[in-house]
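Have a look below at one chain only, the form predicted on its own, in structure tokens format.
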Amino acid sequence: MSDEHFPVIVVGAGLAGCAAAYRLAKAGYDVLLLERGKRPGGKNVSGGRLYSYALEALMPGEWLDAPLEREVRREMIMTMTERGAVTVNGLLSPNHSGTSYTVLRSKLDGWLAKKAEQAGALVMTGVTATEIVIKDGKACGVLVGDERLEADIIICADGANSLLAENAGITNKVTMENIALGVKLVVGLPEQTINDRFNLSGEDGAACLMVGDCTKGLAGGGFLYTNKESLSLGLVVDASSIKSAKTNIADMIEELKEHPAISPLIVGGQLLEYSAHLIPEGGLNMMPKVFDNGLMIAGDAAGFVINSGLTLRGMDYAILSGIAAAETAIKSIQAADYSAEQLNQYEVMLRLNVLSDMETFKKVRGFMKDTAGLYTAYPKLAETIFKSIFTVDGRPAKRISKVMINSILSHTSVWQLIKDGVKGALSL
């Protein structure tokens, strides 16, 4: 047994864990941050878009030195058929509120862990915590191999499939119904080439969300983000849908690379990274009890991810949950009270932002899973309407209203379109 004792041990050096460790160390508290990877960020995967308000909440002004890639100024939504695509493309004016940046987690997580270390946190990498030690109904440490590291509070931030929390009986085993599978490629390209292909200037960036044939009719979507000298291209597909599908996500991403709307954007690029990830998308339906005696759960481990259909957010919520866990831990240490009743303040803080948003969008996942037309009929409908409007072949022209009605009837029904529209409006 080890005599090592810390006020707080944080497991997982992702954004949630690093944020918690940084805030605690900055406040002058001893904290141990454990990471099973060789380096922070080495095992973390995300699409790559972070909303800067969360960094500002964590470290006001100081985040401006973070290794961010590009500020997203161009927003695109693309509906895809097998060989076609219809894209809505918007350029945001400068100095807008709610800025977001593309990021590469291998850089960002390492930087944030370093900031925590500089503030006084002890960061240990290549270390796997296998079990939370429970004594008299309270979490009081973690096992690392044969060694026990003791703590007053454990913050569990070890990712979507948190074995620590599951083994401690706090969370249930993750089911296919509550997760999505994500796969991402990072394709290297010169900065000027990226600017030319996406009509960008300077360090402005673009974000493109895709729906339709990219997932072969399955619930999910694609994304494409511009980094300084690379592109992040990927897919997120509902795990329960892909389980019974005739294809797999690896084949989907290969076909996406060859799509006429995507291949010109990545041609000539060098594959720098190929990664996959589990994404907790069950929302409130899968959220575990996020605190117990001596224990808090943060980030993906608590299921703090929202797919609103237009945005996929997890990194900002991870940071906010890390802040909330750290602030709760500080109050608990000051009160010398590590009970669940005291740590309930963690959930109270989360209700101000993270849990409030999850409540707002709690119906979105069901809508996206159950509305097959989003991935089949409606992308084809959009393409048909555009083709009809912009095709001039010498035949008598038709009113746009008639073109739209005929197009709708060729792919679905007016009644189905209304039903899905109402359902989407109530969900989104």
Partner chain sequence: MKRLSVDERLARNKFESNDETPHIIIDRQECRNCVHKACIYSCPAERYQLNADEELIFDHVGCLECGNCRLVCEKLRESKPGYKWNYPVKGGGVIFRQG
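This structure is a prediction, so every number in the text was calculated from the model and none was measured. Numbering follows the first chain given and starts at 1.
Below, we turn to the form predicted together with the partner chain, even though it does not appear here.
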**OP:** Could you tell me which of 148 to 156, 317 to 325, 126 to 134, 111 to 119 sits within 4.5 Å of the partner chain in the model of the complex, going by non-hydrogen atoms?
**Re:** 126 to 134
Original post:
What is the one choice in Thr99, Thr247, Ser339, Asn89 with a heavy atom within 4.5 Å of the partner chain in the model of the complex?
Top reply: Thr247
Subject >> Contact residue in the model of the complex, from Leu200, Leu343, Met358, Ala239 (heavy atom within 4.5 Å of the partner chain) >> reply: Ala239
Original post:
Can all three of Ala66, Phe223 and Ser308 be found with a heavy atom no more than 4.5 Å from the partner chain in the model of the complex?
Top reply: no
Original post:
in the model of the complex, does Arg83 have a heavy atom within 4.5 Å of the partner chain?
Top reply: no
Original post:
Taking heavy atoms only, is Glu166 within 4.5 angstroms of the partner chain in the model of the complex?
Top reply: yes
**OP:** Could you confirm whether Asp196 comes within 4.5 Å of the partner chain in the model of the complex, counting heavy atoms only?
**Re:** no
**OP:** Indicate whether Gly269 is a 4.5 Å heavy atom neighbour of the partner chain in the model of the complex.
**Re:** yes
**OP:** Just give me the residues of 179 to 210, first to last, that have a heavy atom within 4.5 Å of the partner chain in the model of the complex.
**Re:** Ile179, Leu181, Val183, Lys184, Leu185, Val186, Val187
